[in-house]
Ligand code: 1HE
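Let's start with one chain on its own, the form predicted on its own, as structure tokens.
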Amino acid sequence: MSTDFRPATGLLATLPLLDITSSDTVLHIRLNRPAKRNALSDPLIQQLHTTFVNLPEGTRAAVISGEGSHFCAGLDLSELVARDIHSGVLHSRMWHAAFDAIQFGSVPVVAALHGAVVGGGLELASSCHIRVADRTAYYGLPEGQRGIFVGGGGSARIPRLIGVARMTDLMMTGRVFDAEEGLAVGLSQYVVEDGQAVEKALALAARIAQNAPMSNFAVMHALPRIADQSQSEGLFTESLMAAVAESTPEAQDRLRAFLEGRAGKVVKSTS
């Protein structure tokens, strides 16, 4: 990790299940239960929620990664207790609130994936906007073999990435995708060599943080909603969002810089 990152202060320094550091514009949130393969306990979910509704001023992008050998092996089954229907719904909605704060929060979030990205860990990853996996990453949804069902938003998010049929296969048969298969079906956008996911994710987050905030906000909030709308409604929403984004002072400055030759043109990357 870059030496420019400093330990979090204030409220974010009081969350023991997360190791949080920050640069001027990028926050790095590392799940910190390596002995449990970063399994998602209720306190960990609550601390993630607390983090994303209390981002430090100046944060313009975030990275989520996992300490140890795995990103996240899913729900901490040792905490799975008998609940009545009402309690079960409220428990699931607590997860929804936390992951909604990631997907529909104030800044783009990049996930750095390695090792197990399983069950609730895949639900967490799917709430992020960009996913970078190293070659050790593997994906699964073992809920079907556990006699349970996804409850952290996976049924709403994962089919939008890979389709209903592929998610059905994962849940019913216990199939596991490796890193390359995950890239091919859409679970990640990048695959890098072992141990390089965090470095790549931080580099992407730093690049994203340079974008105009309203442009990033429009991509985060408008694109998924337009995808759920009819074409007519989507086009109207697009018009409104385009008008809002291009009217900001920062957008006007950036467009002027391009027209005056002070901003680079789009070129094919060699990296």
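Predicted model, so just to flag it, every value in this text is computed and none were measured. The first residue of the shown sequence is 1; numbering continues from there.
Although not depicted, the form predicted in complex with the ligand is the subject of the following passage.
Stretch from 212-220, 34-42, 228-236, 241-249 whose residues place a heavy atom within 4.5 Å of the ligand in the model of the complex: Stretch 34-42 is the one.
Considering the ligand in the model of the complex, which of Leu170, Val118, Ile158, Ala179 comes within 4.5 Å of it through any heavy atom? For this set of options, the contacting one is Val118.
Exactly one of Leu77, Ala184, Val89, Val164 has a non-hydrogen atom within 4.5 Å of the ligand in the model of the complex; which residue is it? None of the others qualify; the residue that does is Leu77.
Is His28 close to the ligand in the model of the complex, meaning a heavy atom pair under 4.5 Å apart or at it? Because no heavy atom of His28 falls inside 4.5 Å of the ligand in the model of the complex, the answer is no.
Looking in the model of the complex, any heavy atom of Ala97 within 4.5 Å of the ligand? No, Ala97 is distant from the partner.
May I ask you to state whether Tyr138 is within 4.5 Å of the ligand in the model of the complex, using heavy atom distances? So Tyr138 counts as contacting the ligand.
At 4.5 Å between heavy atoms, is Gly105 in contact with the ligand in the model of the complex? No, Gly105 stays farther than 4.5 Å from the ligand in the model of the complex.
Is it true that His49, Pro56 and Gly58, all three, sit within 4.5 Å of the ligand in the model of the complex, judged by heavy atoms? Not one of the three qualifies.
Could you pull out the residues of 129-144 that have any heavy atom within 4.5 Å of the ligand in the model of the complex? Sequence-ordered list: Tyr138, Pro142, Glu143.
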